[in-house]
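Okay, so here's just one chain, in C-alpha cells, the form predicted on its own.
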C-alpha cells in the first residue's frame, strides 16, 4: 500500500518543506520538488508579480509538483495570494492561518482552489482547526506544533498530532514542528503521521538561498539559543538569540506590552531580510526552531529527502518490542 501523502499530492517522498519568508524561494522549492518532496513557496506576503515570477522560476527547475502558501485570514494580502495561485496554478495551495478557522470562509476558499484543479494542504495549530479544515475539504492536514520555527503556536507537536490522529478525520496527516532526523520521523509514523514537514532543516541546505551566515548560525546554535520574541505583538516568533533578540526581550520585560508593541514592530521591520539576504547575525532575525540542536551540517537538499527517507524506512523495519 502506498503512502497516502504521496498518492494525494503526486510526490515521491512524504516530505514537505515549510513556507518560510525570504527563505522558501525558487532555488529551495525547486530543489525539494526535484528531489521528490513537495517544495513550498513562502509566498504569503509577496506581491502577485513576485509570486508568479517565483512559480516560473520553479518550473524552469522541475516539472514536479510544488506548493505556494497564503494565510487564510481576511486581509488584502489574502486576495493577492488567491489571485496569484489561481493564475499561476501550482499543484498545491498550502494554506496557513494565524487565527481560528471559520467554516464558511474556509470552504469558500478551498472550493476556489479545487475548482481550479489545485489540491489544498491545510496547516493547522489546533484540533478544532483540523476538524474545520477536513469538513471544508482539505486534501492533507499539517499539524504545526509549538516547537516549529517561525510563528509560535501553543500546542506541542506530539500532542497536536495525537489529537488529530485520534479524531479520525479520514485524510492524510503530516507532522510538523521540531523535526530533523529519520528516527524522529519513524516515531511520528508509529504515532500516526503519514508524512513530515521540515523548515529549519531545509534552511541548512546547500540550495537554500539564504546567506551563508544564516546557515552557519543554525549549525552553531543549540536548543537553548532559541527564544520567542514579539509576545507583545500577539504574533511571537522563534529566533536564534543575538543582540537584536536580547534587546527585544529586554523591552518586553521592562515595558507594558502596549508600549513595547510599537518598538518591537519597528525593530522587526526588515530584520528577517537583513539576516536572510545580507547575513547580518547581529541585527538580523534568523527564525529557526528548537530543532537547531539536531542540525550539524549543510547537506544537499536531496540528503534531507532521499537519504533521510531511506533511513526512515530502515528504522521502521526494525523489530521493536516492550518484552
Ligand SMILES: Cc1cc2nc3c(=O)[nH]c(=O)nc-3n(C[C@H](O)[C@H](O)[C@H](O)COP(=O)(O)O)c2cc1C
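Since this is a predicted model, take the numbers as computed values, not measurements. Residue numbers count along the first chain shown, from 1.
Although not depicted, the form predicted in complex with this ligand is the subject of the following passage.
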Notebook entry, point to check: Though this ligand is not shown, can you say which of 195, 230, 81, 178 has a heavy atom within 4.5 Å of it in the model of the complex?
Noted result: 178
Next item on the list: Select from the listed residues 31, 264, 275, 288 the one whose heavy atoms reach within 4.5 Å of this ligand in the model of the complex.
Entry: 288
Next item on the list: Tell me, yes or no, whether residue 20 is in contact with this ligand in the model of the complex, where a contact means a heavy atom of each within 4.5 Å.
Entry: yes
Notebook entry, point to check: Within a 4.5 Å heavy atom cut-off, is residue 54 in contact with this ligand in the model of the complex?
Noted result: no
Notebook entry, point to check: Is there a heavy atom of residue 199 lying 4.5 Å or less from a heavy atom of this ligand in the model of the complex?
Noted result: yes
Margin query: Can you tell me whether residue 45 touches this ligand? I mean in the model of the complex, with a 4.5 angstroms heavy atom cut-off.
Written below: yes
Notebook entry, point to check: Taking the partner as it appears in the model of the complex, which of 165-173, 139-147, 221-229, 82-90 has residues with heavy atoms within 4.5 Å of this ligand?
Noted result: 139-147
Margin query: Where, within 65-99, is there a heavy atom within 4.5 Å of this ligand in the model of the complex? Residue list please.
Written below: 69, 71, 94, 96
